[in-house]
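In structure tokens, the next block holds one chain alone, the form predicted on its own.
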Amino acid sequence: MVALKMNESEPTIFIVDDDEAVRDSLMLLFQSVGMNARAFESGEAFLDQFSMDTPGCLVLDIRMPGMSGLELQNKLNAMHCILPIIFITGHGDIPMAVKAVQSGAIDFIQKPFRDQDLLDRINDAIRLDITHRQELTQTQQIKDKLATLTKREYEIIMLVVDGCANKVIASDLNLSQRTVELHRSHAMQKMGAKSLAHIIRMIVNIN
């Protein structure tokens, strides 16, 4: 899959709509308020250039020839994509829009809509996306640190998180208390944990 050639840290509004007039109108709107935007005429065109590393949100027409908005949403869900989706719907599409929200879309906006209403929802979506990406980054960093532990260090630190005292761990694993303390200390250093409360919070955050 080809990644978009842009600053991946800059939120981007992706517009997917088969109506050229709608795409042009939305591009002008977003550019007028200094937002970074890309427009696509179909779900297929969007998928060809989309990178999940690019933050932002997706403004998606629910009815399109070929791949519908709902079908594109399903494909993104199958890819475990976290990009927030705002559907653009006609009056008769409300039941479909409700189904889209049940499938993970964060909102839908009915035509005709006020520009400010759409901008407000997009700003909310971008803030949500940034929060989710920060949480995922922190989670992955913790997992990466856990992967550096030896099997024994991992075993002991998990028992520590479960509330077991060094003396109990030593008895359960048939080790000396000093050995348990050394493994625990090494694990804490590798994890970058400053205290017992810190390591517990780190582990809880990934579960």
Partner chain sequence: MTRKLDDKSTTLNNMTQKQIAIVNTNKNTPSALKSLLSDLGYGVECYTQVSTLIEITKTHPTDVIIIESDIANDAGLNLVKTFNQLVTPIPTILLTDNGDLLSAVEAMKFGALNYIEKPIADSALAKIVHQACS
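Positions refer to the first chain, counted from 1. Heads up, when I say rigid core I mean the largest set of C-alphas that superpose within 1.5 Å between the two forms. Since we're looking at a predicted model, the values are computed, not measured.
There is another form of this protein, the form predicted together with the partner chain, and it is not shown here; the text below is about that form.
- Remark: residue 93 counts among the residues lining the partner chain in the predicted complex, judged by a heavy atom distance of 4.5 Å or less.
- The shortest heavy atom separation between residue 131 and the partner chain in the predicted complex exceeds 4.5 Å.
- For the chain shown alone, residue 77 is not a contact residue for the partner chain in the predicted complex, no non-hydrogen atom being within 4.5 angstroms.
- Mapping the unseen interface onto this chain, residue 137 falls outside it, with no heavy atom inside 4.5 Å of the partner chain in the predicted complex.
- Judged against the partner chain in the predicted complex with a 4.5 angstroms heavy atom cut-off, the residues 38, 48 and 51 are out of contact without exception.
- Residues 98, 101, 102, 106, 107, 108, 110, 121 of 98 to 126 are found to place at least one heavy atom within 4.5 Å of the partner chain in the predicted complex.
- Once the cores line up, the CA of residue 104 ends up less than 2 angstroms apart between the shown form and the other one.
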